[in-house]
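Presented below, as structure tokens, is a lone chain in the form predicted on its own.
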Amino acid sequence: MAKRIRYEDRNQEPLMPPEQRVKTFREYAFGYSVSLALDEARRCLFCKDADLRCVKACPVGVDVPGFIKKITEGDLLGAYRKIVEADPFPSVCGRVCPQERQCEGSCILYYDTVRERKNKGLPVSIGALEKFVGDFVRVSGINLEEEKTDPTGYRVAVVGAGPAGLACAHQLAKWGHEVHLFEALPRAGGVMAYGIPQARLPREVLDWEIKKLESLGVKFFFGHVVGRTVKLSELLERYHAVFLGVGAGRGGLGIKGDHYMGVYSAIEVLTRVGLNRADLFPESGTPVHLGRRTAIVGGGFTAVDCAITALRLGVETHVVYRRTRETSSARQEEWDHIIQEGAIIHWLTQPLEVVGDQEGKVVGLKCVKMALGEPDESGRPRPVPVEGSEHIIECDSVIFAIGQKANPVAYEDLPGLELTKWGTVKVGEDMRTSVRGLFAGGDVVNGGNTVVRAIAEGKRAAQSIHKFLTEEVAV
């Protein structure tokens, strides 16, 4: 009699040992082999109500059981085609999506949404399977040309080559529109290129995904800081529609001492390393001086990415978060990974002040311990200070991986553009702004969220732009 597969027998992705991966920026999750992927795919129950479970939980609506079924049939190209019906960048999303809070968190093997209870098993590893399928097509060299409709004669400008802008441009180009993408930095990808360490998302993977847009005819214009080198109002005059996806790059807590030498925003550290290769200094021209110890403030993906980076730079790494691990927004496995690599995590710890010396250099981070109180407006227990628990974490630098805000340079001079009370661009359900012909999505709208959320908003905006062009604009 064949052995019955137990639901908890989930196939884990092979990982590089911690003592090796902390010494390199190479990707440390090796991905599934064909046999592991096939075995994992066979764990799927192909639920009849998947539309109410994993599919609904996916921000872009990937047909999860559909592509997994194709894997079990040995049809990997069919699995890829099934994924890209909804997700244009499977090799990226398979690596960086928080699947445990989305598709995998809704898997019936893990959670029964009808009875609202946890089951005994672990969910199907949907993210690893998506990554496997995307990587199979990429490394095989198979050229799967995407269908493109005839040119429409409409011209669209996309501002910002991050996940929202790329997704919007990709969809519009498939529908036959001429798309010009303006990016301030010298390469495309946005936060995927400069904010996510290569240890999680190798640049060759991202570049391969971006080439899809080039094959569809999207034209890239790098070094264009919209709002400075060209005004947003000018683009609105030159193009039939404009999509704004400039992201959110500002960050900090605004606490005492944040002016000292050695205080960084997360985006500064990640950009210096991810884009300008500060890890290779002095071979590269850009340094990043974190000293022997650094304290990273935050409990989300950005904080974990900063920790991954600092550890690989050989720096003793402390992560300070005022809540608990369970209420953090980073993935649980990523906390495990950086702890294995030597990161020191300070849960329920609130920064109060950056401490500096007479020369104006960081020497520590003054903090207070917190205890969980009554739930706040988000439903999470509100942290409250513990009297007499003030202490100093000795460090040579502080990285603020919290408080990201939209950078208004691109749109601050545009009359009539409505903003929210948080300074983000206000849009409706169709991603339209208050300015005719201007649409927006991604972090400039939501204030900072996941890559896949930005992709979903970029696709939604593309649908609205297409409708606007075909129904309200005459060529």
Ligand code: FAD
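This is a predicted model, so every value here is computed, not measured. Throughout, we count residues from 1 along the sequence that is shown.
FYI, the form predicted together with this ligand isn't displayed, but the following is about it.
Participant: Please check if Arg325 has a heavy atom lying within 4.5 Å of any heavy atom of this ligand in the model of the complex.
Facilitator: No, no contact at 4.5 Å.
Participant: Going by a heavy atom distance of 4.5 Å, is Ala164 a contact of this ligand in the model of the complex?
Facilitator: Output for Ala164 is yes: heavy atoms within 4.5 Å of this ligand.
Participant: Does this ligand get within 4.5 angstroms of any non-hydrogen atom of Glu183 in the model of the complex?
Facilitator: Glu183: contacts this ligand in the model of the complex.
Participant: I'd like to know if Phe301 sits close to this ligand in the model of the complex, meaning any non-hydrogen atom pair within 4.5 angstroms.
Facilitator: Contact with this ligand, yes.
Participant: Identify which of Ile196, Ala343, Cys103, Ile71 has a heavy atom within 4.5 Å of this ligand in the model of the complex; exactly one of them does.
Facilitator: Of the candidates Ile196, Ala343, Cys103, Ile71, Ile196 is the one lying within 4.5 Å of this ligand in the model of the complex.
Participant: Among Pro351, Pro88, Pro383, Pro98, which has at least one heavy atom within 4.5 Å of this ligand in the model of the complex?
Facilitator: Here the answer is residue option Pro98.
Participant: Taking Gly160, Asn449 and Ala454 as a possible spot, do all three reach this ligand in the model of the complex with a heavy atom inside 4.5 Å?
Facilitator: Each of the three qualifies.
Participant: Since the chain is shown here on its own, which stretch among 207 to 215, 125 to 133, 73 to 81, 302 to 310 would lie within 4.5 Å of this ligand in the model of the complex, judged by heavy atoms?
Facilitator: In short, 302 to 310.
Participant: If we check this ligand in the model of the complex, which of the residues in 378 to 400 reach within 4.5 angstroms of it by a non-hydrogen atom?
Facilitator: Sequence-ordered list is empty.
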